[in-house]
Ligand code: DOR
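Form predicted alone, single chain, as structure tokens, below.
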């Protein structure tokens, strides 16, 4: 038996249309707060798009506190950002490098050209969330995160010293070291990057349901993530990057990037901390560290979870004429009672 605060997920993809109804309902079961990403088919780059999306999501939201992000690129305007900030329409800004992941064809090719927007964020204490990969022709996908630290993120932290930054879904020991050596920057860690490595992803049989951006790394990097998550280090916290894609898109000649982990993410995290005898740090990783980084209050009422062995997990969730593929790592499950 474990008693924990209701967790927060500081990196969620709800998508749009009827799929967002399905995905948000699952999020409402598990999380008190969710930070929702703006990389829709038409990214949320202005107040009209954001207001329309907010209205649709908040209308169907049942229990979670939904925090919205704006998609930061050259199409944004400072005047519109000021309006949205004044009216509290968004919580944070998200920066995607061009073509780094799903729906990032409107991303940024040269971060230095975004200086006026980064200045605005810094002056108004608005968090910047970053997909941290340096993408260029004929590159090595396994080196993208390290190159981003060296080329882009180092420049940002030197130029904007008080800008609050979240490096999303880190995958390398290099990112762990970078976070620990810089102020005003923290990082999210996903379920799948914490629990999987290149061997489990493609060492035996390729598992397309684990294909994501940034790509899952080797065990040396995985162990660095595990160590820092289990430690309760306040600079690292949970962000699932749960990304729903239909089975026909995942098991396809051109597999799309994203792991849908929402259904069993909390169970997986609880089992991971339990077997490593670090249950005392679960609240830090799942709730407290992220809220502290973002300056948010959180519900301190506790919820009880019971551990059941050899549970029959639901691999696929039916959606219309297709399925979503639920990520799960362990044989045992933690159910809220």
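This one's a predicted model, so the numbers in the text were calculated from it and none came from an experiment. Residue numbers count along the first chain shown, from 1.
The following text describes the form predicted together with the named molecule, which does not appear among the structures shown.
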Okay, which stretch from 74-82, 171-179, 114-122, 212-220 lines the named molecule in the predicted complex, with non-hydrogen atoms inside 4.5 Å?
-> 212-220
Picking from 226, 106, 198, 102, the single residue whose non-hydrogen atoms come within 4.5 angstroms of the named molecule in the predicted complex is 102
Sort through 230, 135, 257, 163 and report the residue having a heavy atom within 4.5 Å of the named molecule in the predicted complex.
-> 257
Three-residue site 6, 235 and 293 fully in contact with the named molecule in the predicted complex at 4.5 Å by heavy atom = no
Touches the named molecule in the predicted complex: residue 145 (any heavy atom, 4.5 Å) = no
Is the gap between residue 128 and the named molecule in the predicted complex 4.5 Å or less for some heavy atom pair?
-> no
4.5 angstroms heavy atom contact with the named molecule in the predicted complex for residue 243 = yes
Could you tell me if residue 39 has a non-hydrogen atom within 4.5 Å of the named molecule in the predicted complex?
-> yes
Within 7-26, the residues that have a heavy atom no more than 4.5 Å from the named molecule in the predicted complex = 13, 15
